[in-house]
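For reference, the chain that follows is the form predicted on its own, supplied as structure tokens.
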Amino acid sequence: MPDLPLIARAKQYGSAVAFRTPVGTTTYQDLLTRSASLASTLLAGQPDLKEARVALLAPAGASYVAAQWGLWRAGAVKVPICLTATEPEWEYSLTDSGASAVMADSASALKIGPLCLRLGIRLIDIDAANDSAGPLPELTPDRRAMILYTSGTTSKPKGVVTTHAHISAQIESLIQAWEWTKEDRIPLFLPMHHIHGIINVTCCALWVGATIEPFTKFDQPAILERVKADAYTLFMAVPTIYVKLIQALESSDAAERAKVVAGFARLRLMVSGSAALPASVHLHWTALTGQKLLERYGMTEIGMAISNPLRGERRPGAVGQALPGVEIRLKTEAGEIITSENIPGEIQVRGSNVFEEYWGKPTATAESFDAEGWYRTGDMAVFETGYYRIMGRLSVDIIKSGGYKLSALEIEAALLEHPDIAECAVIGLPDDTWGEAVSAAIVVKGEAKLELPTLRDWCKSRLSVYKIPQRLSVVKELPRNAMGKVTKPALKNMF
């Protein structure tokens, strides 16, 4: 029986350590054994789940990967959902994907259990399931593997569908470009409903037989202790985390700072992504640690597409060159392919890394592609002396904050449910820590009063914490053009 590529490779590593935590280790064989058992639990006597959607809700770690491999080995499609999402957000992902089951760790199962009961969806506690393994289906790389929800220019997230072949292509490109080996060791503190944590860290590490140290969140003191102890060879984070690390280093005493800086300096590679890395932060980090961060560019639909080189100039403010196996071109708004440097255009991507479709949205899928399979990213860039530099989004309704790509329209829809808000518009404003800060301009009803702390508290049951406005401007009216549409560029002056 042929194995999926990740499973076949894991069988080569056997007793090697896949995950290390303060309480013990998990080998590759442990993951294979546990995932086979979970696959049998999911199958419940069926020969093949035939791309049934199964949601996964668990923190980063061995149990998460065992569940991921288990549902894949059973023939299911993985739907990762956010640990900190609200119940309405969970419900949207489950119902939109048509999920037939949810796999969750014990703590998460308690939280999502009532929703599963209400929706009639099977809930499997991955910490308690203990079936022995039975026969598993034969699978081919062209099978759908994952539906990852991403915010776009619509009010609700779209489900990005990738096959096992797409995922393998995304992994192999990074393995080659960043020279991953089985000797690598990396911390994992990124969200596991986001491509950065799923592909760039977890899948790449496990593809080559490397070791992962998982954290349920960015535990700065614990991670810095491990950096000092030379626990890692690689480090991947979003710009927000590098800003926080700079603040922590500069506020620590000289002796402690020297130890941490020395640990960072010994790493073979440090990567920044999921949001634009300000050149000032890039230069500041190099001045502090001697490490030149490698910035790259990617998105849920394409994995990673462009990267500064592992060996060569890592240019602050630029994202580098096309990754192996990925084709990149720039196209003007007039539809002309750009062949010269210093002319801005939309980034378009083609290759075996590019996703299959938006789940259940054939029109949106068709509109997102140009002729001959070129995916339209909606990001503007310019090619300067051999490197791409990102200029921003074609759509003002996309906000990149703390490594997340957020839909301003989704946030606006939630805010309009507030009893005191008559109108609102949401934009991203430049922010040294978050890249862009979610900022809401609102018109209140009548004589109502509304302040940011009160609004944030109200939002907590309706929006994930990273979507909640960080800045608020109460205005008499929103700026509009002759057609009555809010002119979002003019909103910046209201803050």
Ligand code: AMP
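Here the structure is a predicted model, which is why all the values come from computation and not from measurement. Note that residue numbering begins at 1 and tracks the sequence as displayed.
Omitted here: the form predicted in complex with adenosine monophosphate (AMP). The next part is about that form.
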Please identify the residue among Gln291, Thr150, Ser252, Ser395 with any heavy atom within 4.5 Å of adenosine monophosphate (AMP) in the model of the complex. Thr150
Checking Arg315, Lys400, Lys78, His164 against adenosine monophosphate (AMP) in the model of the complex, the residue with a non-hydrogen atom inside 4.5 angstroms turns out to be Lys400
Look at the stretches 86-94, 325-333, 115-123, 296-304 and give the one with heavy atoms within 4.5 Å of adenosine monophosphate (AMP) in the model of the complex. 296-304
Tell me, yes or no, whether Asp379 is in contact with adenosine monophosphate (AMP) in the model of the complex, where a contact means a heavy atom of each within 4.5 Å. yes
Heavy atoms within 4.5 Å of adenosine monophosphate (AMP) in the model of the complex: does Ala425 have any? no
Whether Ala177 contacts adenosine monophosphate (AMP) in the model of the complex should be assessed with a 4.5 Å heavy atom distance threshold; does it? no
Classify Val319 as contacting or not contacting adenosine monophosphate (AMP) in the model of the complex by the rule of any non-hydrogen atom within 4.5 angstroms, answering yes or no. yes
